[in-house]
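A single chain, nothing else alongside it, follows as structure tokens in the form predicted on its own.
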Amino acid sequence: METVPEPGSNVPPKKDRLQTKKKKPRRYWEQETTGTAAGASPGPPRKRKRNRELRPQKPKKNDTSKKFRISKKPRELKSPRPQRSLSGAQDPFAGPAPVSVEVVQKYCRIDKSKELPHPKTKTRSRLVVAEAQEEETSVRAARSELLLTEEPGFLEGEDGEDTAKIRQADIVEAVDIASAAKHFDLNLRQFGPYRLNYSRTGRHLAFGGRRGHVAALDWVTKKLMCEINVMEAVRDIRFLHSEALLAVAQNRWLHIYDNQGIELHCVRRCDRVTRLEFLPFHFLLATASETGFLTYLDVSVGKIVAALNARAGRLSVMTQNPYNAVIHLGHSNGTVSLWSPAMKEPLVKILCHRGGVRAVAVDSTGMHMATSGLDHQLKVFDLRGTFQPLSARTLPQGAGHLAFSQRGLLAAGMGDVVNIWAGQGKASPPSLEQPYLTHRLSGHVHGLQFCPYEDVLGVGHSGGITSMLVPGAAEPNFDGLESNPYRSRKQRQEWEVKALLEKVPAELICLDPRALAEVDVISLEQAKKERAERLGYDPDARAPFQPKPKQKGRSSTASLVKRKRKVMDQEHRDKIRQSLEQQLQKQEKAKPTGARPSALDRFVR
């Protein structure tokens, strides 16, 4: 009779865990600390392991007093250990690269000098988080400035040579072949005079003649996109948000064309238009007409946002401020008015000239405005709240057209001559004492514009189109996500979708765009006052002091009254201290400066 074997009788005995564990192979970068036996394969040093099962474990102490012990000494932060690579070498430049404070300040957009009076705890914490994020963004932008490899150009003459005497032919001979190809002349006398406009990327050029000639081309490769004749006078021409759409102000109405020359829209509510301006971040097309109306057309939905009557007669001088999207209009009485679609009246009126205003231009920073009038005066105004002239110059012939470049150069067209003045930098006003460049054309000037991201000035005149080389006029580096001249069709379509999603409402156009992020303290206080009057009491008022109840007979009526009186006395002392400080400040302001002290001053109240 077979018997069942006992469990575990034929099972082999288990080996010790320490013996069955595999050895960890030694890597080539690990240094050998202990000598290896002869003939044995080198490996990592063995670590002595203790058998915790055999050792008697000590009982844990249940003393909980140590957990709540507070150290009186401040906790010192340990310096981070330098990280080593696999080879064991230490990084000589550990941590992030240092950034200059001046460069970080250039990209900072938060003004820390303005503080919110008496903010709540939650509001204060949000402001601290926003400031920290803004500071981190500024540091990243300053650190990525190393990737901007291009530098702005400049033009320098020889010892004592005037740069205004340098001709375009001399500049073309001195530059490389690619830059020399950017200088050209289009002889189109039979359809002139011409108005021109560059796209935001600076790659495409559109121009229209007074006799109906309209054309658009890639001026870098000289590839023609479209060319038509509208059989009607063309007064102005503008690219819309991309080079695929074109707005043309014809004799009667406003027409929209695509890049193939096909007419898409005819806006009959905008009639007898003289000047056009497109606001790219708001998708607004601003038109000035002979009837004296300033009209804003939203091209994303095809709706007229506002139609404002300037009440100043015919409007033929108009430009935009690229910093805050405010429209500047020049009038025949010598004034320049600033307009926003949210207001039916002008934001500011500036008296600039004794005669009519002929041309207006605003630089890219929004700080300076240049105007020219019938009194042959060329003036530069400060737009940072003072609206006062910074410099003025009398020209032998009044400037009929003005244009600012991206780096602050000012171009003025006077008859058939174009003068260019330069300043000390991008944010500084141009110096009107000595011209930077001078060029004579084959016809009278009718349009000026600097090409974005290229040292090129496009001039439309009665003889055609001229492309001038102006060293140091444009920004050398462009933002590939915003204005990429080398983008494909798919990239342009994706950019249009993102731009439409980020469109700024027309109601937010104002003189100071940074004021939109601030708190209107006056309106807030007025709202609180109206709320208190409506409810009959102030819900935000400080509640009267109520002492907390205590035990063991310390909450008697006498002790409660004593504590209330103590708090009231403290508040009374604080009020008296504040009033005394205010009186001292008033006395210090009332004292005449430089007066000798007198013994009778102690009797003065």
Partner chain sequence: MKVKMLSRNPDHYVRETKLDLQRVPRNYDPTLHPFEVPREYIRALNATKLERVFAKPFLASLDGHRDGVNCLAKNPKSLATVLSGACDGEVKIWNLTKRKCIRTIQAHEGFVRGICTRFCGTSFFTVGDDKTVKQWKMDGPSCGEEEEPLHTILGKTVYTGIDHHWREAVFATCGQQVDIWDEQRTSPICSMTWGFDSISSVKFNPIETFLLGSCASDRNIVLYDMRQATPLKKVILDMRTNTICWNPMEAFIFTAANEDYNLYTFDMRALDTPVMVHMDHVSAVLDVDYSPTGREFVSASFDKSIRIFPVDKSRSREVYHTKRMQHVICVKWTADSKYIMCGSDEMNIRLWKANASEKLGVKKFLSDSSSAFSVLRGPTQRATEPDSLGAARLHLVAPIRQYVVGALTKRT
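Remember, it's a predicted structure, so these values are computed and weren't measured experimentally. Each form is matched to the other, and the largest set of C-alpha atoms that superpose within 1.5 Å is called the rigid core. Residue numbers count along the first chain shown, from 1.
Omitted from view is the form predicted in complex with its partner chain, to which the following refers.
Here the marked residues His282, Pro471 and Glu482 all reach its partner chain in the predicted complex, each with a heavy atom within 4.5 angstroms. Among Thr365, Asn259, Ser428, Asn251, the residue placing a heavy atom within 4.5 Å of its partner chain in the predicted complex is Thr365. Proximity to its partner chain in the predicted complex, taken as a non-hydrogen atom within 4.5 angstroms, holds for one residue of Gly88, Pro505, Gly385, Gly302, which is Pro505.
Just one listed stretch, out of 191 to 199, 348 to 356, 128 to 136, 251 to 259, contacts its partner chain in the predicted complex at the 4.5 Å heavy atom level, and that stretch is 128 to 136. Mapping the unseen interface onto this chain, Phe478 counts among the residues with a heavy atom inside 4.5 Å of its partner chain in the predicted complex. Though the partner is left out of this view, Tyr453 does reach within 4.5 Å of its partner chain in the predicted complex, counting heavy atoms only.
When contacts are judged by a 4.5 Å heavy atom cut-off, Glu156 counts as touching its partner chain in the predicted complex. Contact annotation: Asp176 falls within 4.5 Å of its partner chain in the predicted complex, judged by heavy atom distances. The partner is not shown here, but in the predicted complex the stretch 123 to 152 reaches within 4.5 angstroms of its partner chain through a heavy atom at Arg126, Ala130, Gln133, Glu134, Thr137, Ser144, Leu146, Leu147, Leu148, Thr149, Glu150, Glu151, Pro152. In this overlay on the rigid core, Val103 has a C-alpha that sits 2 Å or more away from its partner position between the shown form and the other one. The rigid-core alignment places the CA of Ala164 less than 2 Å apart between the shown form and the other one. With a cut-off of 2 Å and the rigid core superposed, Ser442 has a Cα displacement that falls short of the cut-off between the shown form and the other one.
Panel note: the distance between the CA atoms of Thr137 and Pro505 is larger in the predicted complex than in this form, the difference being 3 Å or more. One change in the predicted complex concerns Glu102 and Pro430, whose Cα atoms lie at least 3 Å closer than in this form.
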